[in-house]
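Heads up, the chain below is alone and in the form predicted on its own; it's given as structure tokens.
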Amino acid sequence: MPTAFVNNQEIELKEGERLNCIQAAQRIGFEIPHYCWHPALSVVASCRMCLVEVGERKPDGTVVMQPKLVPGCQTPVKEGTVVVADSPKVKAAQQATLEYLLLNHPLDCPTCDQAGECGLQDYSYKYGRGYSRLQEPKNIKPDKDHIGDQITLFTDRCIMCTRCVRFTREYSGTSELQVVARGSDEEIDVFPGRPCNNLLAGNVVDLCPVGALCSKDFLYKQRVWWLKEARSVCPNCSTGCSIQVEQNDDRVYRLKPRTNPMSQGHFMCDEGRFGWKYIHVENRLTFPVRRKNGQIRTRDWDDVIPSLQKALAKAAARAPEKCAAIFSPWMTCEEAYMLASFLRSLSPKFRLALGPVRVTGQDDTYPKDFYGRPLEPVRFTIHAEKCPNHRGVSMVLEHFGAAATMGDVLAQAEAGLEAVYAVGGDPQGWLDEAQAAALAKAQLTVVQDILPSPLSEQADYVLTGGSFAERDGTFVNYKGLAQEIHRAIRSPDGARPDGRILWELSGRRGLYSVAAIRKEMAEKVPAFSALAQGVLGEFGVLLNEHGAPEPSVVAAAK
């Protein structure tokens, strides 16, 4: 294998592997500071923060170094390459670069949203001088709130790394952001009348290494050092973007993309980024309900769950062929498995059906050209299927031999149902008044949901579940990638995570354990056999049609 050397440490390169000096240094756990370079964007080598010494080791063992420092982001590492990133010469260049970048940067850290996760703060502390020799007034430029509906630009904080400009050209393709003027007057701006409002625009805030581009939705809402993170999956479409849910005091403040080469890569769309607000709406369903003759009899879980167990058992005993359940594509695989197992344990004739799968328009691909036409190769897709786990829930239902649809259940409801168990979860609603009226005709109507619906107002039992941020489980995206979602916040008073509800409803003892259910599911459902370990790792597991992980995933794990 080709061998290179970074700070006198030897690293092996795979055949055909292309690394720059920054990536090679990461192999040995050494950080070469950088601003303009990003692994998903083109290389411009404009910030000069990653200057390093580079040379070559000859076959006889002698090392010949280049006389000048070179940008590490732009310099490939190959057989015999020698990189020195910690010499006095390199450190002096880093200090000089930081001093230059800070010449006109305002002292906004106490009020800046980026404080606490700012590359300029971190690098100034690690590599800077700690003082400035500037004696002249700073060059102050006006802020630009007109940049976009979701983003604002604090112009004087910008260090001109141009990550945002390259993103709008290379990923969204819409090219709204550009560099205007030259020299000390150089700024980021948009063409008049063309703000940065594409559906990937929020990513430029994540890309900005300083506090220049900020999200209007998050601006001045919370200090980042108070936020706690939990790994999850975006529930707003079948792409299944890996995300971080960031919250404080059980209130979500923002979602950020989590890099996953097996899923969406580095970015996420604005529909998912800002589409979580329903979690904290005032009309969330909280306490459960048991009604009799239209009157609420109790709102206590300790009464509702035992009563519902008996009611379902009686219904299944009386007329099992007239009992049905509607499964939501917003359920996790574990929740679908527990509910299906429980209902089929009451009667093998219990009918299981998949609920409505919301589809909006067509898949939206990026980049696009000036006229909004998609270009090849596609680098990001916002899928038209607006639910996170259609494939996963379908795999569970296929195992139980369920081929019914919600339409079949509605048709049967007109003829008369003994019991119907309906799971919602779509924040935009999943049934209308007519459908609710049909289902409400059943002798026993059970609704499990997070928001009010026409059916929840009439149901005999209402089980108040949790949003995606309040649950643990597994989502399977459109291409079969199984990823874990983790509970980030506690549910509102009275509501419970759906997994806990179904765990208790099915009579399992102890506390709800998603890993235990995942292992049981892997043993009994061949399609999920790859989940037998109980944990899916940072990137998830890509399932093939037989339930085993893809060979490429196994190789990567090794």
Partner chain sequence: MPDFEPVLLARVNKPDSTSLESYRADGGYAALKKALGMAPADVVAAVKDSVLRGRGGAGFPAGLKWTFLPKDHSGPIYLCVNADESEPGTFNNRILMEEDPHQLIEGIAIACHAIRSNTAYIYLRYEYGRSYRVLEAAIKECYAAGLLGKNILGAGFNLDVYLHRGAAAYICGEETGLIESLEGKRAWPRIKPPFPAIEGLFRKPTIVNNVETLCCVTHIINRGAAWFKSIGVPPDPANPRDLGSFGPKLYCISGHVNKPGCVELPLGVTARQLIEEHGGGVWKGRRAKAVVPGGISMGFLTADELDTPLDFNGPLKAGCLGLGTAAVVVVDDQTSMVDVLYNCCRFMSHESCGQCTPCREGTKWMTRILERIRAGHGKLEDLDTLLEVAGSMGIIPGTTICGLSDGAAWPVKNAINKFRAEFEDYITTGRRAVTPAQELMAAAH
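Treat the numbers as computed from the prediction; the structure is a model and nothing was measured. Numbering follows the first chain given and starts at 1.
FYI, the form predicted together with the partner chain isn't displayed, but the following is about it.
Peer 1: Using a 4.5 Å cut on heavy atoms, which of I28, V43, V64, A516 is close to the partner chain in the predicted complex?
Peer 2: It is V43 that has a heavy atom within 4.5 Å of the partner.
Peer 1: Between T97, S347, Q222, T381, only one gets a heavy atom within 4.5 angstroms of the partner chain in the predicted complex; which residue is that?
Peer 2: Selected option: T97.
Peer 1: Among 261 to 269, 410 to 418, 135 to 143, 467 to 475, which stretch has residues with heavy atoms no more than 4.5 Å from the partner chain in the predicted complex?
Peer 2: Heavy-atom contact with the partner occurs in 135 to 143.
Peer 1: Identify whether the partner chain in the predicted complex is within 4.5 Å of every residue in the set L120, C164 and T168, based on non-hydrogen atoms.
Peer 2: Spot residues vs the partner chain: no contact at all.
Peer 1: Quick one: is V525 in contact with the partner chain in the predicted complex, heavy atoms, 4.5 Å cut-off?
Peer 2: Flag for V525 set to no.
Peer 1: When the contact criterion is heavy atoms within 4.5 Å, does R509 count as touching the partner chain in the predicted complex?
Peer 2: No, R509 sits far enough from the partner chain in the predicted complex that none of its heavy atoms falls within 4.5 Å.
Peer 1: Determine whether any heavy atom of E457 comes within 4.5 Å of a heavy atom of the partner chain in the predicted complex, and answer yes or no.
Peer 2: E457: no, not in contact with the partner chain in the predicted complex.
Peer 1: Might S184 be said to contact the partner chain in the predicted complex, defining contact as any heavy atom within 4.5 Å?
Peer 2: Contact check for S184: yes, within 4.5 Å of the partner chain in the predicted complex.
Peer 1: If you look in the predicted complex, which residues in 145 to 182 sit within 4.5 Å of the partner chain (heavy atoms)?
Peer 2: Result: I159, M160, T162, V179, V180, A181, R182.
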